[in-house]
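Take a look at this one chain, the form predicted alone, written out in C-alpha cells.
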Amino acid sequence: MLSSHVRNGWYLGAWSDEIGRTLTRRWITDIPVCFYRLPDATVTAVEDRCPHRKYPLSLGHLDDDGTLQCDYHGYRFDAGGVCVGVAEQADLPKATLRRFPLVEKDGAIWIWPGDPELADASLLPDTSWLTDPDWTHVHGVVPLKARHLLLVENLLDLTHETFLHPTSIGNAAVAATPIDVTVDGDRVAFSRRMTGIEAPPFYEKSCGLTSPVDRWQDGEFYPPGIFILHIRVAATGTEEPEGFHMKVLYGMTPGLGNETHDFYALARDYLIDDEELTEFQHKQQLAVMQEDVDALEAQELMYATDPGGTVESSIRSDLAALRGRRALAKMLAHEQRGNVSA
C-alpha cells in the first residue's frame, strides 16, 4: 500500500533517554515501531507486529539476553530479529522481524522507515551542539493531531509569530521583515534580519536586553522531517558574534494517519548553568508549541473537511513553505514511482 508519507528519509524516532530496556511503541509514517535496547545498550527498532498473528510485540517482554518474546503465542526473536523459538513446537518456524536502520547521535535516535538500502547517515544535519559542553538544552516531544505538512509549513513561515505568539516571541517586526530563501537540492533555507526592533518578551527576559535589538532568524529544513532554527539576538549596533545564540531543533515525524510527533530541543550557548533561565525557557517553549498545536489542529479540521476545488491564496512570506511543500511532494512522487515499478 502506498503511504501518504515520505519514508525514504531520516526522522527523529525518539530521544535517547526515552529508550531503555522497556519496550516502547511509536507509530512512524503509519508503521508501528517497537524500540528497545539490547544488553550492550545499543538501540534497536523492529516492526511492532509479530509475523505470526500481528500481535504487538511491544505488549510482549524482553529477556535479559535481549530475546524479544511475543506474549500472544510465545514466538521468540533474537537480537537480529530472527525467530529462535516458539512454545508450541520444537522445530523453528520461518519468521523474521523487519528491523529499521537507526542512527543514535547527540542524544537522538534517528530512524529510516523506508528502503534500508538507501539509508545514508551522512544526510543527517549537524546536531553536535546538543552534546557540546559549551551549550545547554532542553528537549521533549509534543503530540500533534494534525498532518505533518502543516507543521512543516508552520516552521518555514515564521511570520505567524506576529499573530500566534505576540506575548512571547512575536511582534510586528517579524511579519514586516521579508525573508531570503535558498534551495540546495532538497534542503530549503531562509534568513530574516531584523535590526533596531523592539525586543519580544521572551528575548528581553532570556537575554536581559532592552530595546532596540537586532534579531536574526536562519531556518533550515532537511526534508522530510528535520528543521533547525539558528537564532541570534544582540543589542542594536553589536556585531552578531557578540550576541546571544540559541538553536531550536524540530523533529517532525509523521505518526499514524494525520498525527505527528513534534519533537523539540531548545539550546543556548550562554548562562548555561542558570537553571532558572533554563526552566523559564522550557516553559516558554512549551507554551509557544501549545499555541502552534491549537492552531494546527484547528487548521487540520478545515483541511480534513474541505470539499476541495478551492485555490489557496499565497503571499511572499510563503515562499520557503511552498519550497518545502514542493520538496516533500517531489520526494513522495519519486518514492511512489519506485514502489510501483518495483
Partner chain sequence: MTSPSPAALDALPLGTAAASTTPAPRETEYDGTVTVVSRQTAADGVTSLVLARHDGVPLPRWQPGAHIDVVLPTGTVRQYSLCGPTAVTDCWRIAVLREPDGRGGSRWVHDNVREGSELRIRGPRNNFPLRQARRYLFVAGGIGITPLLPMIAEADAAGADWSLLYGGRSRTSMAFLSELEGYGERVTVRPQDEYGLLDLAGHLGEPAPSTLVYCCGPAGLIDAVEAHCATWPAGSLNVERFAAAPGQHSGDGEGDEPFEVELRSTGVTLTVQPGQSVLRAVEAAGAQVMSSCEEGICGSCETAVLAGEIDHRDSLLTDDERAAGDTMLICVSRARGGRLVLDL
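Positions refer to the first chain, counted from 1. Please read these numbers as outputs of a predicted model, since none were measured by experiment.
Below: the form predicted together with the partner chain, not depicted.
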Subject >> Option touching the partner chain, based on a heavy atom within 4.5 Å in the predicted bound form, out of Gly196, Pro125, Gly208, Pro116 >> reply: Gly196
Subject >> Among the candidates Arg53, Lys283, His61, Arg316, the residue which, in the predicted bound form, approaches the partner chain to within 4.5 Å (heavy atoms) >> reply: Arg316
Original post:
Given that the partner is absent here, does Glu276 sit within 4.5 Å of the partner chain in the predicted bound form, heavy atoms only?
Top reply: no
Original post:
Given that the partner is absent here, does Asp134 sit within 4.5 Å of the partner chain in the predicted bound form, heavy atoms only?
Top reply: no
Subject >> Gly255: touches the partner chain in the predicted bound form, heavy atom cutoff 4.5 angstroms >> reply: no
Original post:
Using heavy atoms and a 4.5 Å limit, would one call Asn154 a contact residue for the partner chain in the predicted bound form?
Top reply: no
Original post:
Tell me which of 187 to 195, 262 to 270, 88 to 96, 70 to 78 has residues with heavy atoms within 4.5 angstroms of the partner chain in the predicted bound form?
Top reply: 187 to 195
**OP:** Would you mind checking 214 to 247 for residues with a heavy atom within 4.5 Å of the partner chain in the predicted bound form?
**Re:** Asp214, Thr236, Gly237, Glu239
